[in-house]
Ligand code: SAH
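Below you'll find only one chain, the form predicted alone, shown as structure tokens.
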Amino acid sequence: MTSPLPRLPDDVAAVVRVTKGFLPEDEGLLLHRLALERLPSGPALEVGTYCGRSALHLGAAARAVGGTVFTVDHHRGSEENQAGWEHHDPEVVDSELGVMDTLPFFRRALARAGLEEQVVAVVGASTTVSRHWRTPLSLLFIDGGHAEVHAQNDYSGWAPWLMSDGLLAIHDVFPDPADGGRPPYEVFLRALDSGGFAEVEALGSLRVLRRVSGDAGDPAG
């Protein structure tokens, strides 16, 4: 039986309400609960920061239990965020460079919520950062680029660093192609097929799996 969803602290909830993003409230609260459960065992990491809505949910949990959250993003936007695409927001375009830059929006949200001590921004491509990563993770949230190559690379680069019993959360998992893009769903199936993960919870498009073995190439043991 799953635990009920907790409330966010009022100060963080107020910032979440005005922060740009695509994470539904209930899915954010599930992430918050997962982080409360897992962060005492080690750091959490999310792939795909955007303007920080999910990082605020994770960071609030880190503040509550004394944990740390790393969030990895190049802050230039995914394919679907670019001009001419469905989720483009011209407000996040750097007027001088003419490219997206969500980092200032994220940093402002983090400061307003008082979570700069708990959430560490790692600015760079997921593949570059994961290639140099060496720390076991208690929780991994994959919500980066949804093109096939990016989704698969995020799983390949980061899932091996999940410690035994750690949780893998994948966003925008849509079994029906009519509901959304397939790559996150394919990553979800890949994790299950590896034998290293078992699904433990689902809410909306968020799927949660627990690491049950080292069969997915786990250097963390």
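Not measured: the values here are computed from a predicted model. Sequential numbering from 1, following the sequence displayed.
Below, we turn to the form predicted in complex with ligand SAH, even though it does not appear here.
Segments offered: 161-169, 186-194, 62-70, 48-56. Contacting ligand SAH in the model of the complex at heavy atom distances within 4.5 Å is 48-56. Among heavy atoms of A125, some come within 4.5 Å of ligand SAH in the model of the complex. Using a 4.5 Å cutoff between non-hydrogen atoms, L23 counts as a contact of ligand SAH in the model of the complex. When ligand SAH is considered in the model of the complex, R112 lies well away from it, no heavy atom lying within 4.5 Å. Although the partner is absent here, R107 is not a contact residue: none of its heavy atoms lies within 4.5 angstroms of ligand SAH in the model of the complex.
For the stretch 145-167, the set of residues having any non-hydrogen atom within 4.5 angstroms of ligand SAH in the model of the complex comprises G145, H150, in sequence order.
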